[in-house]
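Encoded as structure tokens, the following chain is the form predicted alone, with no partner shown.
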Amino acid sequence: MRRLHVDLRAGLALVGTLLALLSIAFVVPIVTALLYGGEDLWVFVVSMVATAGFGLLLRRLDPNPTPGAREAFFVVAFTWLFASIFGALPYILAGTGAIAHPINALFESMSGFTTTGATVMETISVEEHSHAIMLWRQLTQWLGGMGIIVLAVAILSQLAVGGAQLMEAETPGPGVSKLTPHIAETARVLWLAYIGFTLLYIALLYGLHLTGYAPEMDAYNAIAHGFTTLPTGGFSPEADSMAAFSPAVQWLVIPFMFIAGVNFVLWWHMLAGDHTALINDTEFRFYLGVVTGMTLLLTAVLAVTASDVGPDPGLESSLRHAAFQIVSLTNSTGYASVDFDAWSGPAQALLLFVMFLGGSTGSTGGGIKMLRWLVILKSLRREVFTSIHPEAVRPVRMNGKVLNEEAIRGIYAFTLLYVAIFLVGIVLLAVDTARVGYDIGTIDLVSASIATLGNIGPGFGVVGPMAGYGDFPETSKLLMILYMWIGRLELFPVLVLLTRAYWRS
């Protein structure tokens, strides 16, 4: 019998350590429950004890785990899975609405931690669910945005060894470079930038409320949206998402959604005094150009097709809603400033197209990522050039550095695999919904597949910005839970566990 080459005891012990750390997060909804009269307090106390207890039990398997490359994949994949499972406990224990069902609860929890923002809730309201339950939804997105593993590496000295491999497995894109000689310090730097932007954003939102520009944006809403904008999450405590707030709020949200889609390493360099870090970065210029170009194009489409942009149509309204939806769907935030499902076909086609783009590498955004598309475009341009000049040597460069051919092949392989999984998702959802007689259109299936795999959240039709995923059969929800999971970890940390080569030498 061939020997197993994955140290499961070390892997499970690390997963347990991370779960024990995650249990501390339940303090936030516990405090919230106390502030609002103790409603659902016991739910979070029980969830906290269960998560910490299970985590500490696993931790006893190996007091000094040292993860290698194989264990890193195991730890990252199962930490996100277990976090979602234990994160679902409050929804089940509270027993209110559709999310009390175990599969719905897991869907909502996975959607939160992966910052997808797809919901199965029938009623999104603090009148239906307690303030603590609603804030827990938003907090899971904030924790998942910068990454559970990155947070653990920043806090736990136990991960000083092996932390780099864990972070690399959690954020497989090439965007998270080492800012400092020590990986733990790098993780702390990223989280400090993330926390700083979150606090600034909450203060500005609440400032609009205090100055009368946003009557509905009270302290609770400001904190809730702070927890879901910077992680490109999209869980709003309002059923109408950002359409429930004033134009002033929507204009403020746009730049912060854009900020969340930029490589946080660049933000740190900017804050450290390198004021040219952004403009010198090729991927940032591409991201800025795509968002600006698509916004202007969508504004023109809205004007030509006379799509409904709200109660006050005009250039300002068209530009605001176009910019809002383009930024939100490009980098996978998933907020909506208007019901774009009612827009014309050309406008919807443009929004569907940007869902495939994604944020920058090293950002909290999902999707295929800007860097990969840029490399593909550069390499295609090279192929056209060399077909005319076969003797020419024309390397692909990023930020002035030549990319090796292996990296380019890897980007093509990832993109092809991503598209293949997306297409398989459409077919499986079509078969499953037809099996139970659930009538759903093709555009709905397409958007459901890309919205869950790309961690975007809303799509079109039955999964539109003012609708949800609650009517899908349970088997479809399980498939979409899998899609959110592998999409957040960029496919390989989960898919590699399904290969025989991973488990055997």
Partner chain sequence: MRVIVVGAGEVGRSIAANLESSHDVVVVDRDGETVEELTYALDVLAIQGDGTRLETLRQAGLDDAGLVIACTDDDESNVVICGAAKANGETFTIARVRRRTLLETWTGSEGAFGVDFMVCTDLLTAQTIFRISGLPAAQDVKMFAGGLVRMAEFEIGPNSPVAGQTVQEADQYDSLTFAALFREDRMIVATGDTRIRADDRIVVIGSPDSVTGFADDIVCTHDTDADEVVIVGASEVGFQTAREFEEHGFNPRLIEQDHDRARECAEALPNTMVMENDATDAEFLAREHVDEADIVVAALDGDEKNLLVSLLARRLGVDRTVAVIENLEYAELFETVGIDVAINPREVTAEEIIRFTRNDHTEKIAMVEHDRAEVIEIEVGPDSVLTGREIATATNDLPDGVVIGAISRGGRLVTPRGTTVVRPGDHVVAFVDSEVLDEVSRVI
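Numbering follows the first chain given and starts at 1. All figures in this text were calculated on a predicted structure; none of them were measured in a lab.
Keep in mind that the form predicted in complex with its partner chain is not shown, yet the notes after this line are about it.
Heavy atoms within 4.5 Å of its partner chain in the predicted complex are found in one stretch of 128-136, 357-365, 378-386, 77-85, which is 378-386.
For the residues 342, 402, 203, 210, the 4.5 Å heavy atom test against its partner chain in the predicted complex is passed only by 402.
The contact residue chosen from 95, 395, 196, 313 relative to its partner chain in the predicted complex is 395, the criterion being a non-hydrogen atom within 4.5 angstroms.
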